[in-house]
Ligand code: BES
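Single chain ahead, written as C-alpha cells, the form predicted alone.
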Amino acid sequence: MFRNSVYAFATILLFLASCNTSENKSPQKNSPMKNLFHDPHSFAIPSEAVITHLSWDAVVDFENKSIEGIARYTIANKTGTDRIRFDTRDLIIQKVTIGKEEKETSFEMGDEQEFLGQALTVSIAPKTEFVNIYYKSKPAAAAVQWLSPQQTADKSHPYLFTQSQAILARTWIPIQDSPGIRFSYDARVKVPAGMLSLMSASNPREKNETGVYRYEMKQPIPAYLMALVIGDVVFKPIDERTGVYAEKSRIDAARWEFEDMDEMLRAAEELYGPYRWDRYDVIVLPPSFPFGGMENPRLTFATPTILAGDRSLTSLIAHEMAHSWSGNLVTNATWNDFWLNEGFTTYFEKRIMEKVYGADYAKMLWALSYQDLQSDLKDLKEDGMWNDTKLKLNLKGRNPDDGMTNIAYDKGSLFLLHIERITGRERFDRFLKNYFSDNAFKSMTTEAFLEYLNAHLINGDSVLAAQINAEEWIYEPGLPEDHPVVKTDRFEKVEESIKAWLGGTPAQDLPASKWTTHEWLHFLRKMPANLSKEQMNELDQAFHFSESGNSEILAEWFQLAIAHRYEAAYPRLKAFLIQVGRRKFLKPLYEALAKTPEGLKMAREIYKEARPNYHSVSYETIDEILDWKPSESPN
C-alpha cells in the first residue's frame, strides 16, 4: 500500500517515462498533448501515422444486413513511414487507394486476435495524405443491431443502431479504434425511403424523399463515439439547443420525460464551463439497446426503460450530458484509464441533479451508488477478481468490457467526493473547471491526471497530498478506510417503515405514497433474506411491484422474487427478460436464476426466446453466465 505524497510520486513518474512497456507505468510529462502512451486494444501506431479526419460514404442494406462504404481518411504521416495500421473486425476489405488521385495500393490483413480482430496494414508513401478504404460489413458485425419491424415500438419499419464502445467501431468501419486517437468527420449515408438516419454529428430533424443524409462533426472525437441510427423516428424540440428523437408512439412521452434537459444543461455549464458541442439531443432507442445510455456527441442514445412517466430516472440523462465534459471533451487515453471517464461523469451527474432537484435528492443518488459499489466489491472478491477493484486497471489480453463495472463509476466518483470534502467544494470546482478547459479535446492517462492534480490542486502541499491519498485510491484494490459515506434521512425513514412492517404494521398502511423511485429501491434492497411467500404476496398486493411500469423497481423486485421463489412474479419476469435488452438488468437477473437447478432451467428456456432480441454486448455476457453454445440458438 503506497503512502507517499502525490508530489513525490509524480517525480518518480518522470523517471519511469522511458519505460513505455507496462500499462500501469506512466507516460512522459504532458502526455495528454503528446499521445505518448500504448493502447493494448488497438493495432494502430499513432506515433508513426495517425488519422485526423474521416469522410465516410456509405449505403445501408437492410435486406442483406450490411453496410457498404468508403472510409476516406486524411492522415498525418509523422515519421515518413511506409505503412499505416487500422483496426478491423469481421470486415470485408475490397480495395485500398491512396491520394486524391485514388492510386490503388497494397494492404495486408493480420492474424485474427480474440476481441481485437485483425490489423489492416496499408502501404503508403512518406508524403501520403489520404487513404481510402473500400469495404463491406458482415451481418454479424458486433456493433450493429438490425431489428425487424416487430422488434420496434411502432412495428412499421426495420431499425438499425450501433454501439461502438469500447472497441466495436472496428466492426462497422475500418478505423484506428483507440480512445486516445481523435479525428473530425463528415459523412454521406444512403438509407431506405421512409426512414430517418442520424449520427453523432449535425443531424436532420425530418426525413427527406431521397434517403440520402449528410453529417458533419467538426470537433475531434475518438472512434468509440462514432454512432449511427436509422429508423422511423421523429423529432421534437425542448428548447433552442436540446430536443428528443423517438418513434411516433413514444415521442410525446419522451418529450415530457426530458422536459428538464435544458435546465440540466444550463446547470452543467454553470458548474464546469461552456458546452462545446453545439446541440444536445437524445434519441430513445428500441428496448434491445444494451446500456442505459451512450454519450455519443450531439446525440445521446437512451434506453426506453428510463421512460417511467414521472421523470424519476432522468439522472441517466444528467450522466450522459456530463460526459460532454468528462469523456467526450477530456477522454481516457486507454480503457485501462476508464475511471477517468466514468468516475468524473458520475460525480458530475450528481452535482447536476443536486443543482436541479436539491441536495436531498442527490444524497439518495449517492447512497444508492455506494450500495452498488459495495455489491460489486463483494462480487469481484468472491470471483477472485479483487485486482479489478483498482481504479487503474491492466486489461491487456482481456476484453475492455471486463473493466466496465461499478468500480470505475462509483469508486471513481467517491474518490472525487473525497477530494471535494478535503479541499472544500468551491476550490475543487475551480480545479475541475480548469481541468476540463485546459485539457479540452485531449486524451488523459491516470498518471497525467496525477501530475495535473499535483500541479493545480496539491501544489507541493505534502499534508494535503497525504489526506487525498491518491495512490491508494487509484492503485490499490478495495476502498481506503477513510472513504466518505453519504447518508440521508429519507432512507432512514424507509428503514423505519421496514421495521414497522416486520413488526406487524400492514404493508398498505406504510407512509409510502410519496416515495420516489430511489426510496422504493432502498426499500427493496433492505428486505431481509428470509421473507415468506405470504410476506412477498402482501408486498406485491399492496404496492403492485410485479406490475410496475418502472424498470428499475421491477428489476429490483424480480431479484427479490427469484431469491424467495415467488412464482407469481415469474410470468412478468419472463416478459421483462424477453422485452428488455439492457445489460444492467439482464446480468443480475440471469445470475440469480442460475444459482439453482430449477432457476437455471427456467433461465435457459427464457433465453432461447429472448437472445435474438439482445445486442451482442448483452448476449455475450449472458452466454457466459448460462454456458450457452451458439448451436443452442434458433436459426
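Predicted, not measured: the structure shown is a model, and the values here were computed from it. Heads up: residue numbers just count along the shown sequence, starting at 1.
Just so it is clear, the following notes concern the form predicted in complex with the named molecule, a form of the same protein that is not shown.
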(request) Determine whether any heavy atom of Y409 comes within 4.5 Å of a heavy atom of the named molecule in the predicted bound form, and answer yes or no. (result) yes
(message) If we define contact as a non-hydrogen atom of the residue within 4.5 angstroms of the partner, is H41 a contact of the named molecule in the predicted bound form?
(response) no
(request) Flag G293 as yes or no: does it have a non-hydrogen atom within 4.5 angstroms of any non-hydrogen atom of the named molecule in the predicted bound form? (result) yes
(message) Does any part of Q163 reach within 4.5 Å of the named molecule in the predicted bound form? Heavy atoms only, please.
(response) yes
(request) Within 4.5 Å of the named molecule in the predicted bound form, counting heavy atoms only, one of 123 to 131, 180 to 188, 318 to 326, 501 to 509 shows up; tell me which. (result) 318 to 326
(message) Going by heavy atom distances of 4.5 angstroms or less, which of F344, F86, W557, F338 would be at the interface with the named molecule in the predicted bound form?
(response) F338
(request) With the named molecule left out of view, choose which of M404, V234, V356, A153 has a non-hydrogen atom within 4.5 angstroms of it in the predicted bound form. (result) M404
(request) At a 4.5 angstroms cut-off on non-hydrogen atoms, which residues of 565 to 597 are near the named molecule in the predicted bound form? List them in order. (result) R582, K584
